[in-house]
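One chain is shown next in structure tokens, namely the form predicted on its own.
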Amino acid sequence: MEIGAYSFGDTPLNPDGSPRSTAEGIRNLFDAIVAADRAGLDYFGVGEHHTVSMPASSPGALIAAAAAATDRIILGSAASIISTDDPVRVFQQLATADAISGGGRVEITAGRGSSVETFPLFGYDLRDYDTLYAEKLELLMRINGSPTAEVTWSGSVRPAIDNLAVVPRPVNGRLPIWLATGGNAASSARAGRLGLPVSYGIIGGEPHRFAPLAELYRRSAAQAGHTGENIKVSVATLGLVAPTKKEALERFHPGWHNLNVEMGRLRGWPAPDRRQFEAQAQAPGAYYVGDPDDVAERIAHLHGHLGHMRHFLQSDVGGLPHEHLLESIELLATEVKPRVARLLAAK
């Protein structure tokens, strides 16, 4: 089981709650990735958001910088919103990072965007949501699967490419491409049919309820003739690790509250309720907030339902103090990871 972290960036807050510099948030994220590599985490994902509170708008740039400053950790976009970006540029940016890393440490996770801020920002129409994703995913896979630098493709959402070079090429020929989904059954079936690994973003409810989706994914892959190491599942959840469960809850709740207040303004969510938070932070809820034993046991328990090979946590939300993020990363690597390994080996 690979254990990791992911982030959309987290802009620090002043004592009065006002945001500090978004540049400081990006620098903190870079420092966290380097710390994760040194601590021994397996994976770090950089997601794409375009808000003042979550400013990691360019995963490719951050991953390229981190690739030069790390030695072993796997780096991935988590996710790249390919519906409103150009798959050619996404591929080129991540292939560049792959070259900087020495090869084999960079992945692309292709998402279509649960947050829709990118549509007006880049001039796209939400009515084209499905078509944009389907065609751009096809283009990304065509580029990645090409045996040469030259690529030919045509569709309705961007100009055609006629035997043009898309460079650089990945060190090992191809980049791993994952399909990201928040629990849409059609997305699970699509990932299986295409033979892509699937990454589930679970931000609420009971994570074990994703088991039928993982089963649908594997069944769809088998029916399409896809087998082997590329058929795999990863899980991304909210969570924070601290020396004690009490400390983890008290550290994570303020940021969770801030995040939900902001999402309420943007999406019409109800006001955040501490009781809801407490329920989600206890098994079988979706927040992996606790001490190392608690978090490890819950990851191992979910593995029994989903059979996932990677579990990674988003901790830095709503202005989480940077030192708490760094301690969570250290505990994930040095305490949670070996505990999960022992628990799975004992099954």
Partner chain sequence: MVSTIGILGAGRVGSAIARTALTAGYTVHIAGSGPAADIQLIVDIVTPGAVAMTAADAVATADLVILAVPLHKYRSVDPATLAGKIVIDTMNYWQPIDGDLHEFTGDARSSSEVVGDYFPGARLVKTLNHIGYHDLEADARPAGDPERHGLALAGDPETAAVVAEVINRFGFDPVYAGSLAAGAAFEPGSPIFGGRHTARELLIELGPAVAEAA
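Predicted, not measured: the structure shown is a model, and the values here were computed from it. Positions refer to the first chain, counted from 1.
Here the subject shifts to the form predicted in complex with its partner chain, a form of this protein not shown in this document.
The contact with its partner chain in the model of the complex, taken as any heavy atom within 4.5 Å, belongs to A186 out of A186, A160, A165, L121. For the residues G102, G268, G225, G145, the 4.5 Å heavy atom test against its partner chain in the model of the complex is passed only by G268. Put simply, L216 is close to its partner chain in the model of the complex: some heavy atom of it is within 4.5 Å. By the criterion of a heavy atom within 4.5 Å, V116 is counted among the residues contacting its partner chain in the model of the complex. In the model of the complex, its partner chain lies within 4.5 Å of some heavy atom of Q276. At least one heavy atom of L126 is located within 4.5 Å of its partner chain in the model of the complex. Only one of 150-158, 133-141, 86-94, 202-210 lies within 4.5 Å of its partner chain in the model of the complex by heavy atoms, and it is 202-210.
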